[in-house]
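Provided below as structure tokens are two forms of one protein chain, presented individually as structure 1 and structure 2.
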Structure 1
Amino acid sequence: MPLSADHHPFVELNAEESAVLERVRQLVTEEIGPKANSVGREDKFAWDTFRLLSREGLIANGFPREYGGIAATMMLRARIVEELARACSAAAAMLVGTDGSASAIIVAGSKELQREVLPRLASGERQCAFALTEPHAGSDLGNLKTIARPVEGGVRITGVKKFITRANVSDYFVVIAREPNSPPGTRHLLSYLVDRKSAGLTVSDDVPKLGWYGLPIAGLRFEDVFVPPERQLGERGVGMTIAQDLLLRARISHAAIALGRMTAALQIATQYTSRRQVKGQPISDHQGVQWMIADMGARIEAVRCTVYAAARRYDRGDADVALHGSIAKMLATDLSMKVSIDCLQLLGANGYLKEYPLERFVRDAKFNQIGEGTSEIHKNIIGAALTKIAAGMPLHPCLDIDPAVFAA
């Protein structure tokens, strides 16, 4: 149903998973929700929220059990993230960020490295950020310029990374770099786990931004930073494969964040308009308002199915999950922007105030459309994939027209 995920036919959780989710909902009601507006007022790392999520064993729910996680499925993760995002984007994104950066270590790190780093990330004692974007390579990852130069006993990394979430509170960075003199493109990328204390690595001050408060961003500068071979994640050339799985997980999770936010925005706007009276009548009695609520609710429900279906496809290991991840990410984040701003409108001037959550939702919704691949980039991915799929299908039976039409 549009206002919650209760009894959704796509969501099947076992007893342990249901108990985890129930605990998350309790935390949102009792702790995270009441503090979310103050987290959203100042762009400082939300330590209280982070410590709570770590203490509750949620921050690293996707980790294997031996390293302090519960090996959560993508479906459970999507549901947890959605529930957190109903109140606080930062809380939800802390889980996504921890999972994203650590999944590279889980997939491609040595056993020793996993044993050294993962339990500390799971307990919240340490943090790890993901450093991919550069000043001239955000959407265009083929243009990455950070170089990992082979030297005796390891590599030396030189380059600049931009917009890195949690950079100033992280102890490690998963860094994507390229081989020297490699041709443009993503085939020659390498992935490393770099210690924050490494000589030659500097982190800028936090960079002011519009929203997504509680999770500041900063830039990184690598000047001949030495990295030993045991910190390389995966073999030569698999850097992009690692980044792609990590980005896919993050994309489905960002779709779930958007879903949680817009579901909450609709709940808030509906509850507000049914109580707020103008000329002695609740605003929600007006057909114009009812239609807005109906439009938003119907579209949210359609997107909910798309997001859960993408999570299920990930858990099943479907070959076309990347396409469905892009569809879910684009639809959910674009709709979340529209729903957030329309719900703000329904609250009138109160919607514009910091006292109410909708101005925060609007600021956070905007980043959802930019991070983990912009909506435009996902359109490119979806368009290219569908064109390829259609080319491999038999010609539609109604398209029995003169072949000359297709001639060059």
Structure 2
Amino acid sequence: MPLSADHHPFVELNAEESAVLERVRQLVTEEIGPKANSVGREDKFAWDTFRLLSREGLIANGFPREYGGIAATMMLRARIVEELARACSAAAAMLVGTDGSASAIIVAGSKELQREVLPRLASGERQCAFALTEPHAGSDLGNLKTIARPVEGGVRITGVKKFITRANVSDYFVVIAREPNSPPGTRHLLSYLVDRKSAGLTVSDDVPKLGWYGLPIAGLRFEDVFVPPERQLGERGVGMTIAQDLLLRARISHAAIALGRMTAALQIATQYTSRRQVKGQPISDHQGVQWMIADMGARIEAVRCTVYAAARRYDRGDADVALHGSIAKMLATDLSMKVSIDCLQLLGANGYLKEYPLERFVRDAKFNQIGEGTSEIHKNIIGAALTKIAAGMPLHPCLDIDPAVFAA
């Protein structure tokens, strides 16, 4: 049903996975939910939430078991993120950020590097952030300007990164850079794990923002930062593959965050309208209110199927998963923005108060439409992909026309 993902036909979890999800729900009910409004009032890193997720083994859910994780599938990860996002965007995004940066080490780091870094990330002793976005390049990976220049014994990195979530609390950064003199649009990107204490690396002050409190952002400046060869993640050109996979994982996770938030918003609004009375009658009895609730519930259920399908495609390794990740991210985040605003409207003046979470939901929902590729970028991706697919198909059988003159 639209207010819950219980017994959804797309979700198949084993007993261990179901137990993990049930523990997440318990934490949301008993600890994360009651503190979420407080976290959402000031944009400081939510250390208590982070330590709780680390202590419970959730922060490293996607890590291999040998390094402290549970090797969660994308489906389980999406469900965990969704449940956390029903109460707190920061809690959900902590898992997404940790997964995104650490997955590069898991996929492309040496065994020695994995043994050195991953257990510390899994325990919460250390943190790692993903440094991709630049002043003039975000989803446009081919336009990155940060350079990794080969020198004796390693490389030296020069460039600027921005919008780096958790930059001021991270001990490591997974940095995507390009080779010197590589032409625009090059796919020969490089990936490195850079220590925060490296000479020449500067982290800016936190940058004030509209919402998504509990997870501050900052910028990074690399001025001839030396990185030894053992900190390179993968071979030449692997940086593009790493970046694309990290973006895909993050996009599906953003969709799951949006799904959790709008499901919670609908629950709150429906419960409120059932109790709020005007002239002795619950406002939920009004047809206009019922139609708003019905429209939101139906659309949420449709988007839920889309998000879960994208997670299943990722776990299966489907060739078209990137397209479906974009579809899920665009639909879920756009709908979350609309549902959050409409649910706030149903609460009237109370929805505008910080005592209720709807105003926080609205502020947080906007970032989901922007982070990891704006909705407009995903429309471009989807449109280009569908155009290419259609070009390779035979003309529709209902077209009673010579293919040579079709659209002439």
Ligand SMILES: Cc1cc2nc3c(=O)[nH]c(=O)nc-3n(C[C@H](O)[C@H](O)[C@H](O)COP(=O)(O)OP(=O)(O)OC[C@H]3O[C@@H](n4cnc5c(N)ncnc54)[C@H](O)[C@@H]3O)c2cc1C
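Numbering runs along the sequence of structure 1, starting at 1. None of the values given here were measured: they were computed from a predicted structure. We call the rigid core the largest set of C-alpha positions that still match within 1.5 Å between the two forms.
- Note: the form predicted on its own is the second of the two, structure 2.
- Relative to the superposed core, E16 undergoes a C-alpha shift smaller than 2 Å between structure 1 and structure 2.
- If you fit the rigid core between structure 1 and structure 2, you'll see the Cα of L399 move by 2 angstroms or more.
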